[in-house]
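One chain comes next, on its own, written as structure tokens: the form predicted on its own.
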């Protein structure tokens, strides 16, 4: 089976959990013999390419006008970068402000005035890496780039052979719908996060409309948890019979690696928050619980690792609470830095307000770190050996943090059982379920 997969990040070009999930699923599908053509928006040209081999169009069959990449360790996966500047994890307003800053910087570099727009380039003309010149060519706003991506995906699809279309989250749904209409192939829409998860009840109507159109236009909807399925059925009016729950997983290679990491201080206990610092992830509840813990324990430090639109507010909040000296903000981490921060932690806390799944707790458990997660998360449906709390209950959150830090037997039990439990999560199982969904979609199409 050949799959046209659409997403907006993929390792080594990654911003967050969706890239990790796409990689794990694609690799498992590849290991099962499926072939994947993954169409990726541009903007990654300045990142490291040591794991990527660029295959020029000339090396492929005649008529192929896009550049293809192969990634080390993925035998049956090809990436096709196209010139659309989709920026994940930002609001429309943040996207526009970022565009203005980049255009002003580009104008200054070119010796032009800040009001002069750099000349637009042809988004269909790939450079040596298959990309256009980068984020200075934004067509106007985030939705313009989403539709630019859809047009470019349609061009790729005209030159490709595939059996089914798999689109990850709302930014790729217009592309998936367009290709399904052009090709007659079935579309599978994969919901990793809904607009209600990201924004509560203050939803962006345009994003909601795109999500709803994608879900209703798809042959099947894949949801990362029962919680997400319930949102899809209740908020978007999608029949439950059309939904398939396929949980995310994690790659565990051998035993956890125990590094000798330099702690902040010799006797300090480290409580870790790692994720985007946005409303969805509940960072203010983490700080509120941290204040209560700090009132009764002196040797505890809190690390907030990640970036997001609330980071400045959280720094100010920690200072206003009088715990600024106890909280370290690291910014966005990747690669070895993520491994190192897990190895430093005594407890990982995920206080998400609405978390469709949540890969970070599985990563923490794979690093031998016990976890405390909100009951408002998809991963809480499947993790047994984890402490759970309502995101808003900062008193209980603080009590459970204190219990783990003060009672080594509890911490040891959570570590041992959690490390064993995390091994039941397999991308191979998720890939087999996806293949079943593809076959079901194909039968429905016939």
Partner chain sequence: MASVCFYFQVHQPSRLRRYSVFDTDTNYFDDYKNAEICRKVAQKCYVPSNRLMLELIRRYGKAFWVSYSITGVAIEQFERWAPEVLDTFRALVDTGQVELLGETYYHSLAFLYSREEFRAQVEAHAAKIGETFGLRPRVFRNTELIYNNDLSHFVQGMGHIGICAEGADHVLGYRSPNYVYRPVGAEKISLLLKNYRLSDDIAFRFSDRNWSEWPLRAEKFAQWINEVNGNGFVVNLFMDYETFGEHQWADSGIFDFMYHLPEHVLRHPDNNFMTLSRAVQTYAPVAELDIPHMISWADVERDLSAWLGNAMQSNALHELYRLEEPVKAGGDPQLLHDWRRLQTSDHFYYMCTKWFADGDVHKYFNPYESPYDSYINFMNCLDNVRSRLRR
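Residue numbers count along the first chain shown, from 1. What you see is a predicted model; the values in this text were computed from it and never measured.
Absent from the display: the form predicted in complex with the partner chain. The rest refers to it.
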{"query": "Contact residue in the predicted complex, from 182, 241, 319, 296 (heavy atom within 4.5 Å of the partner chain)", "finding": "296"}
{"query": "76, 151, 375, 212 - the one with a heavy atom within 4.5 Å of the partner chain in the predicted complex", "finding": "375"}
{"query": "In the predicted complex, residue 403 touching the partner chain (heavy atom, 4.5 Å)", "finding": "yes"}
{"query": "4.5 Å heavy atom contact, residue 28 and the partner chain in the predicted complex", "finding": "no"}
{"query": "Exercise: residue 410 in contact with the partner chain in the predicted complex, heavy atom 4.5 Å", "finding": "yes"}
{"query": "The partner chain contact at residue 36 in the predicted complex, heavy atom, 4.5 Å", "finding": "no"}
{"query": "The partner chain in the predicted complex reached by all of 387, 395 and 398, non-hydrogen atom within 4.5 Å", "finding": "yes"}
